[in-house]
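Only one chain is included here, represented as structure tokens and corresponding to the form predicted alone.
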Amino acid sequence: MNRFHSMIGQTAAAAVVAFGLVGGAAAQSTIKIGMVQPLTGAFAAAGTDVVNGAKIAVDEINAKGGVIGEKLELVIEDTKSNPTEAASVTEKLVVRDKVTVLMGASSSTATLAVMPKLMEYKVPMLVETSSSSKITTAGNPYIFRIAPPSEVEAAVFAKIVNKIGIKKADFLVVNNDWGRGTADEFTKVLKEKGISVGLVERMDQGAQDMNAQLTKLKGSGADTLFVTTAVEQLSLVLKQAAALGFNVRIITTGGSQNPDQLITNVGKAADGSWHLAFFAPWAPDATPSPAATKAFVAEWNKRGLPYGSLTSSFRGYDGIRAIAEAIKIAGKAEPEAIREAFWKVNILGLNGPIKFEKDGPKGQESGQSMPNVYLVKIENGKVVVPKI
């Protein structure tokens, strides 16, 4: 935690709240940005939301003339929610499409699979969603992340956990780097606060029946269950928990839960659930840039996109804005110039400052920015931001 000490303090305070062919511009009039996202499979909803948010940012930037005299163009590839496919399409974007900067790859497992390709081809990637701590500690200087790692999310939560009154907690997490990492990090902070940690149950990312795990958890004696998975599977967990008469506090982590989407998917089964979120469209005046939040939400609604997807979509919006700023600072769309320029990015995103601090082995550091974290609750079919 030491490497994030100053940033965690600031975040906690707020929470408790392609390639541009420069030499051949006549033939290539756009800067291509590669997007590696799950558009099918278990994580398709989050990936689609990120892409839609990115498109809004690109349209806004291009309407103002683009960057360094060129328009931005997204080149989007589907990981199919599969890490092997994520690595394959990343290589395709770099080798065939000639992008010189990327954004991806949603799940931590997919991003970890992509990272060797970034090192091989020396192309930077803006990581908008993945939260595994391994991503920025692995020694990959082509990684720049705007999503908080699990350890920071857990550390921020630790600032308010005593106000919630947890005595004993269990975990139900998706069986991948994201889920396992979250359970590890939250377990550490809970124990540091003197809170007992009981069972840690896992579920495959494609599983649809979690009754066996929930039945076991129901009898554990815990008063709180932390759940980490994508919104599709979380919807099933809430339905099945309600059917079993599960009577403990449920808190979800990871910031991709889309509380409004949960309300649509499961109705009353979502009532009483708590969610750690990284964007608060329900309370724009509580966000770092109320005017920007209101404008983004208005454009989202104008496009007829689902309101419940805003808590994922802002990642794509902020990610593209950070990439555009790096290209502007670099003055050219070349991989190494963009990588170096990321260290100079300092803009206000929808969810806080985007400024990268070094994390990882000396000389091979990745960049990590710190957004805000909010704890919200679903009450009577509505999302509220309680004062804690």
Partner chain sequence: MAEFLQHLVNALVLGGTYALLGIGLTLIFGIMRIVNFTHGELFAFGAYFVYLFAMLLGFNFFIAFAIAVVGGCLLGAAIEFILLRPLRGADIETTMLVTIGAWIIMQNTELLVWGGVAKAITTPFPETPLVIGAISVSPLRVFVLVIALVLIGGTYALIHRTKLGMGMRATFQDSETAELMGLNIRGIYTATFSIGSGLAAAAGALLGPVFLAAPTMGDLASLKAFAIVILGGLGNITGATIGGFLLAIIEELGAGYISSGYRDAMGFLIIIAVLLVKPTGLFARAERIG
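Residue numbers count along the first chain shown, from 1. Remember, predicted model here, so these are calculated numbers, not experimental data.
The form predicted in complex with the partner chain is left out here; the points below concern that form.
Here the chain stands by itself, but in the predicted complex one stretch of 150 to 158, 92 to 100, 209 to 217, 111 to 119, 209 to 217, has heavy atoms within 4.5 Å of the partner chain. The shortest heavy atom separation between G41 and the partner chain in the predicted complex is within 4.5 Å. Taking the partner from the other structure, the partner chain in the predicted complex has a heavy atom within 4.5 Å of a heavy atom of Q240.
In the predicted complex, the partner chain lies within 4.5 Å of some heavy atom of N265. Interface membership of R202, defined by any non-hydrogen atom within 4.5 Å of the partner chain in the predicted complex, is confirmed. Annotation: in the predicted complex, residues G165, E185 and V189 none come within 4.5 Å of the partner chain through any heavy atom.
Put simply, of A45, V67, A330, A57 only one has a heavy atom within 4.5 Å of the partner chain in the predicted complex, and it is A45. The contact with the partner chain in the predicted complex, taken as any heavy atom within 4.5 Å, belongs to L244 out of A283, L244, A295, V197.
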